[in-house]
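So this first bit is one chain, no partners, the form predicted alone, shown in C-alpha cells.
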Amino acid sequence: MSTVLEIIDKGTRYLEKRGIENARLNMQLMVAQRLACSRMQLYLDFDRPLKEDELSPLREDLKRRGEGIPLQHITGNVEFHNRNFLCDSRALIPRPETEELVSLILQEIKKHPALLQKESIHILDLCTGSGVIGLSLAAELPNAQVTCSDLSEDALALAKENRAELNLPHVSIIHSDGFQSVEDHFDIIACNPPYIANAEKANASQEVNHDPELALYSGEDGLDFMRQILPESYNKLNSGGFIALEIGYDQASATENLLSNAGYSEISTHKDLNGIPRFPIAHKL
C-alpha cells in the first residue's frame, strides 16, 4: 500500500516526463484536493497509507493532468485574491496578473477621496468570466454596488455559482454583448477582455486551448474588442471615475491611444510583477 509521500513522488516523476511545469506542486495540490486537506497537512501525513478508493480517482486526475488538462479544471477551484473560486472550462482560468489588477483598482480608489466618500461606489466588471474581479471587489468594498456582465451564458452560470459560494447576493450578474444591455452608469469599470491576436491561436499552449476562445482572441492585433468598447465605456463612466484594464504584453501604446481618442485623461499603464506594461488605468474628469 503506497503512502502519501510515495504517491507524490511517483506522480511528480510522471508529470515531469510529460513536460508539466511545477510538477511536484501540481501533484501535491491534486492529492490535497482528493484528501480534502491542506498542502501543509500533507507534510504531516507523509507516512499515511492510501486506500484503493483514494488512489483510483488520483490516478485519473494524474492521467488527465499529464494530457494537459489544466490543474484548475481538475481540482475545480482556484485561489484568487485570498478567496477560493470555482473554476472549470466555462470561463477563462484566472491568472495571477488579474489578481494584480484587482489590487491596483483598490489602490486607485484610495487615491480618490471623492470615491471613498460616496455612499455607494458603482462598479462594472465587463467580460466578467467566472466573476473573480467583480466578486473580489464586492467582497473587499462594503459600499460597492457591483455589476458583472459577459456575453457567454456558460461563464455567467459559473459567476453565479461563485456569487453564491462567496455569499454576495447583492452583486448583479447580467448577460450583455459589450455595453449592449448595460443600462447604468459607473464610477469604476474593470475589464479583462479578450486581447490575443487571432494569429497566435496556432502557437497557443495545450492548456490555453482549454479556455473558451471567446475569452481569448480579438482580431488581427488582439484589440478589436477594445476598439468596440472603449468609446462606449467613456459614456458609461461617471465624471471622476476611472477604467482599469488588463492587456497583452505589447499593447500598451496602442491601448493608451485608444483611451485618449475615447476622451480619457490621466492615462497610465502599470507594470505587472514581471515588468510588463499590463494594466492601463484612465480617468474621466
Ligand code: GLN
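The structure displayed is predicted, hence computed values, not measured ones. Don't overthink the numbering: it's just position in the shown sequence, from 1.
There is another form of the same protein, the form predicted in complex with the ligand; it is not shown, and what comes next is about it.
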Tell me, out of L258, A252, M30, L216, which residue has a non-hydrogen atom within 4.5 angstroms of the ligand in the model of the complex.
L216
In the model of the complex, which of the listed residues (I123, L158, L71, I196) lies with a heavy atom within 4.5 Å of the ligand?
I196
The ligand contact at N162 in the model of the complex, heavy atom, 4.5 Å:
no
I'd like to know whether A138 contacts the ligand in the model of the complex, with contact meaning heavy atoms within 4.5 angstroms.
no
Does D61 reach the ligand in the model of the complex, with heavy atoms at most 4.5 Å apart?
no
Heavy atom of R95 within 4.5 Å of the ligand in the model of the complex
yes
In the model of the complex, which of the stretches 82-90, 188-196, 107-115, 148-156 has residues with heavy atoms within 4.5 Å of the ligand?
188-196
Of 251-279, which residues get within 4.5 Å of the ligand in the model of the complex if you count heavy atoms?
none
